[in-house]
Each structure stands twice: as structure tokens, then as C-alpha cells.
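In the form predicted alone, a lone chain appears below as C-alpha cells.
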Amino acid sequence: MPSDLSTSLQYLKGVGPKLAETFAKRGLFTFEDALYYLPRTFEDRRQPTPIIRLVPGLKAVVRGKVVDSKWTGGRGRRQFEATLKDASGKPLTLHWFHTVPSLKDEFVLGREVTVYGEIHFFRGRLQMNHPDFAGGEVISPEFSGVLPVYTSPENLSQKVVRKVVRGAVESSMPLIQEPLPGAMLERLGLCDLKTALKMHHFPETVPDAPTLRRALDRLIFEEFFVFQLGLLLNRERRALAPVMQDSSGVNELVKSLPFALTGDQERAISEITRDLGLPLPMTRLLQGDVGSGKTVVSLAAAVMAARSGYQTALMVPTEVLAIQHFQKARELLKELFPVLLVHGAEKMVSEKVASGESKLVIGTHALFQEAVRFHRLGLVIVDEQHRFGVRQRRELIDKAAGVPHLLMMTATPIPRTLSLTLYGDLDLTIIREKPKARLPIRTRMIFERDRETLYGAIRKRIEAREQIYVVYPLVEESEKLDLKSAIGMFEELKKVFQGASVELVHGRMASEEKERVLDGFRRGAVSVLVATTVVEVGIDVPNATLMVIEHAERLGLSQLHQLRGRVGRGTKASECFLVSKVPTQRLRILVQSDDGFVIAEEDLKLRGAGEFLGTRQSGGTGFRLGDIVRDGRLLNTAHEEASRLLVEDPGLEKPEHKILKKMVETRWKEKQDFVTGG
């Protein structure tokens, strides 16, 4: 028996370092990992099937006497074959395609043998290839009964996998203590931990779907619940942040705006300024659809920080977006304080930051540079936060003397289940209401055969002195993907629209050249901007009225929605054309809805969490069993129950929560790389 559940599997009898390494590749390192390594299906080996009733293509248990056994094939291709007969008198051929010397001793003429495998019909006879088998009258439980079928690490046989997992689970059972409160299990209708594990690893009968689902729900709920507790407890342990109480500048900013705030914007500003006035560090996610007005809300927070004597750092993922924010902030804050854009570590820029002269500092990764030192950093704002790793956010936060307030923004609406998973310890502010002046964007699918129609629509916009985006997924031609590239089509479009100004922008261009092109587009000197997805965020040109997205089927719904949001920012009716070879259900969703939250939910369902988040988040959400799309209901319940329990017992100090607290601490430590990048 292991000393505790964290003991390495290599100490299980019959495993050792080499086999343990193979299991580790499937994420099975400890005895506890084996407990939660659930089978994908079950084999019912309780009742033998008479040979006369065997059906090709199905698996079956057969018991009979060996009536023949022999080696077949020549040198180097030796194979073994045996024949069984049961009371029905029908024969079943057993075949092994490689040499196993001991088989001759197992299949002795007249011996009673039990075999299990898939039935085939070959050359007019029933056959079973490489079956599991057991000889004699007494059949071991490792062979008979209802057996779990696991995903095999590195093609190990089920026999080996079963033996290791069964051994680990049996050894662990005496150490298992129920971590969840009994009253909670009863209220939620969940079974206890041992029952759930036995149902999967040692079923007495093949469990029906509802019974198995109930046992699985118990294990998934536990996983979500412990994770939510970790998030919430971690939040309570944070150090104190600066208290910002001078909100006078916020009122001045709002009065100076050339437009009226929406109700959602006013509520967001109220929630954020309230948080800034508290000693607990604000950690808030500001989530708003494209064009909902998040930037103004973030600037209001920066104004409050400045009036209270603190600096704000606004970090964005691209230079294009940094320049866009800088120009907008400089325009709106010109009567309040100067704004600084950090391109690199120029001495003059560094001095302005270090002296505290610059109250709002905007930049990309340049803000991480050691030469950029803040005088009194009190607020960190991260825009398009999903594009940054947590470690990058941490580097910027660490530039503060103490613990700064943190405001993260995203124009990619994150479904609630995903928010709870990644940001369960954050406060969430959602801006759903769009400014009344924003016009809806008409979206339609265009197919390759309709290219002349597409070019006609572009020509019509050019003649009306309006501007057009044409976006491509790739920069250059790819031999593997039949995609039109931005560079290749740029040359074609220049020929098609002779007389109009057609320019190209992509991420590999030098910063100066990129800015020259974008500035020309902003000023209206460029009619058609051919681009890669670099224009997904940060371009605000009211005169741009048509967005053309080539190979739209290659992009996620949320990214398509972001690109669509680059138009419709002025007073003219705008359109978005999704160019594709064939119509797809995904693109129809975009045609039917302009609600980013609806689109994000559909995107999550279609692509899954790992792809929705991108590879920056380790390819998934880090759970053994839970799936945040499939099990969203359980995740919501886990969040509610964790919040409720911490109201009753804030530090999990009560004796009845001792086991649960230890589990939270152990699992939360394992999750640190995923959640905090630590």
C-alpha cells in the first residue's frame, strides 16, 4: 500500500521505473492519477456464447476444448493456430500472427480454455485473432466478469494497463477519505467518492448510462469545486493595493466627451472606480463586444489613478493597437494630462516614466524592458488580454512598488463557463449595450464563383469614396494550403482596381512601413487595404464600410466577428463579405447574429476550449475529467457551492473541512502553472 496518494506509480508491485515512464506519458504519475484514469468503455465477459451463435464483427467469450493446435508458416513467418469446440460441436479457429513459444503449452489437446476477442469470418470458418485467454476451471477476475477498457499508453495491452490501474486503485482505497461535505452531496444528489470510483474501476454489472453519468458527475463536480475553491481562496490572500479616492477627473472626462455614454459604460465606470477606492487589489475583467466602448471606460480608470497620484500602464498586443490607443487617449485626455507611447527603451521615454511625469504609459512588450521603470505604478490595464500569457502580465505587475490594481479587457466575449474556469477569482463587468450611433453590419456569404459580384461591390464603394478591407489568413503562398495570400492577391487587386489606391499591410513589415500604410488608410488616402489578420484589432476608420474576408472558413467565429467589427464605425451603412468555397454552418451563425456573446458560445461549442483559447493556454483548460462545454452546468454549480462554503468557513478551518482543505492546497499547487504561470 502506498504511504499516500502522491506516491509514484513506479513503487506499485510489478511496475518499476521503465513502465512508470510509459504511464507518465499519459499523465499518470501517481496513485491518485490512476484513481481518476477512468475507462472509456466496458467488456462483459460474464457469460460464454455458444460457438454456433457467434456473430462476425462482435466480441464474445467462448469456452471450449482444444481439438487441434499447430505451428504454421515457414522460417521467419511462423504463426500459431488452435481450434476449439464446445457442446454445439462447431469449431472456432484461434490465430496468432507472430511466434509466442508458450502458446503450445497453453493450448494442449483436450484442455478446457476460455477465450475473448472479436469474431471474424475467414475462408469459410469462424476465427478469433490474438484473443485473451485463460485455461483451467478457475478463471481469474483479471480475465472474467465486467472489465474496464482503458486508453492504452503507447499501445500497451489492456491486460497490462488493467493490472497496473487495478493494482493502484485497490492499494489506494484504504487511503481515500471523502473530501466533500455530506450535506452538499445530498443536496446535489451526488454519490460519495469511493462509490464513484468503484463504479468505474470495479463494476459488478455493465453500468447503464444514467448510473455511470451520475458517478462521473460526482468526480467532475469534485474537480471543478476544488479548483473554484482554490481560485477564491487565492484571491483572499492577496496583499493590499493603493487606495485611490480622487474621482474628480472622471467627471471632467465624461463631460468633455463628444458623445453620451451608454448605461453599460456608466455602470462599468462606477464599478471600476469603486474598486480603485478599496485597499483590496482590483482584479476585474471588462468584457465587451466590438465597438461597445471599453477604451473610454479604461481611460476613466487611468484618470482616477492619475488624480490620486499614481501611474497607469496600458499594455496591448500589437503596435497597431498601441498607436490607436495612444491617439485616442491623447485626444480625449489632452486637457487632463500627457500620454506617453513606448516604442522602445529610448532614454527620454524612460526618464518620463521613471520621473512620474507620464501618468498614462501605453505600449506593447516594450513595457517589460528593464529600462522602463515606473515612478509609482498603481494601475495595470491589459487590452486583448487573451493574447498575453499570464507570465507576461506578471512581469508588468511586478514593476509596481506594491500590488497594483489590474483591469483586463477583451473584445472577444468569453463564454461564462470559460470565464469561471480561467477567471473564477475575477470580478466581471460586461458591456452589452452598443452606442446608439452604431449601425448594424450586413453580413453575407460570397463564393468563389461570385468573385465578379464581389469585385463589383468593392468598385461601388470606391466610387462612393468609401474604404475597404480585404483580409487574408496567410502572408505568402503556402504549398500545403490552397489559400490566396495577402501578397499574391495584393498584386492582383492592384490590376483589378487600377486608378484606386491599393496598399498592403502585414505583421512581417517594418514598423515604420506598417504605420505609413495605416496612417494613409486612416487619412483616407488609401481606398483598399489588403491585410492579414493584423487588422483584427486597433484600426478605427469611420469611413471604412466594407470588410471582405477571404477563406473565412479557416478562421474561428470570434476572430471573424472581431474582423467584422472593423467596419460600421461611422455613420454609413456597412457590409461584411465572407468569402468561402462552400457554405458552412459556422458562417451561417455569423450571418444570422451580430451578438458577440452568442457567437462566442457557438464558437466554444464548435471548436472546444483548447482551440478557442489558442496554444498559449497549454491547449486546454487543464482538467482531468471535466469538459467546460459539456459540463457547463456542473461548473456553474461548483462555483456557486464554493462561494457558499467560503461564506460559512472563509479559510476552511473547521475540522470537517480538513480533508477538503488539504486537497485544495495540493491540487491548487499543481494548477499554478496553468492559472498563474508561476
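Whichever C-alpha set is largest while still superposing within 1.5 Å between the two forms counts as the rigid core. When you see a residue number, it is the position in the sequence shown, counting from 1. All values reported here derive from a predicted model rather than from experimental measurement.
The form predicted in complex with a small molecule exists for this protein as well; it is not shown, and the discussion that follows is about that form.
Asks: Is there a non-hydrogen atom of Q265 within 4.5 angstroms of a non-hydrogen atom of the small molecule in the predicted bound form?
Replies: Yes, contact at 4.5 Å.
Asks: Decide whether V290 counts as a contact residue for the small molecule in the predicted bound form under a heavy atom distance cut-off of 4.5 Å.
Replies: Yes, contact at 4.5 Å.
Asks: Is P435 one of the residues lying within 4.5 Å of the small molecule in the predicted bound form, judged by heavy atom distances?
Replies: Yes, P435 sits close enough to the small molecule in the predicted bound form that at least one of its heavy atoms falls within 4.5 Å.
Asks: Examine L341 and determine whether its closest non-hydrogen atom to the small molecule in the predicted bound form is within 4.5 angstroms.
Replies: Answer no; every heavy atom of L341 is more than 4.5 Å from the small molecule in the predicted bound form.
Asks: Which residue, D217, D86, E106, D540, has a heavy atom that falls within 4.5 Å of the small molecule in the predicted bound form?
Replies: Of the candidates D217, D86, E106, D540, D540 is the one lying within 4.5 Å of the small molecule in the predicted bound form.
Asks: Name the single residue among I119, L333, L185, L261 that comes within 4.5 Å of the small molecule in the predicted bound form, judging by heavy atoms.
Replies: Partner contact (heavy atom, 4.5 Å) among the options: L261.
Asks: In the predicted bound form, which of the stretches 124-132, 291-299, 510-518, 441-449 has residues with heavy atoms within 4.5 Å of the small molecule?
Replies: Every other range fails; the passing one is 291-299.
Asks: Indicate whether R218 shows a C-alpha shift of 2 Å or more between this form and the one not shown, with the rigid core used for the fit.
Replies: No, because once the rigid core is superposed, the C-alpha of R218 moves less than 2 Å between this form and the one not shown.
Asks: Verify the C-alpha shift of G291 between this form and the one not shown: is it 2 Å or more after superposing the core?
Replies: Passes the 2 Å threshold, so yes.
Asks: For Q228, state whether the C-alpha moves by 2 Å or more between this form and the one not shown after rigid core superposition.
Replies: No, shifts by less than 2 Å.
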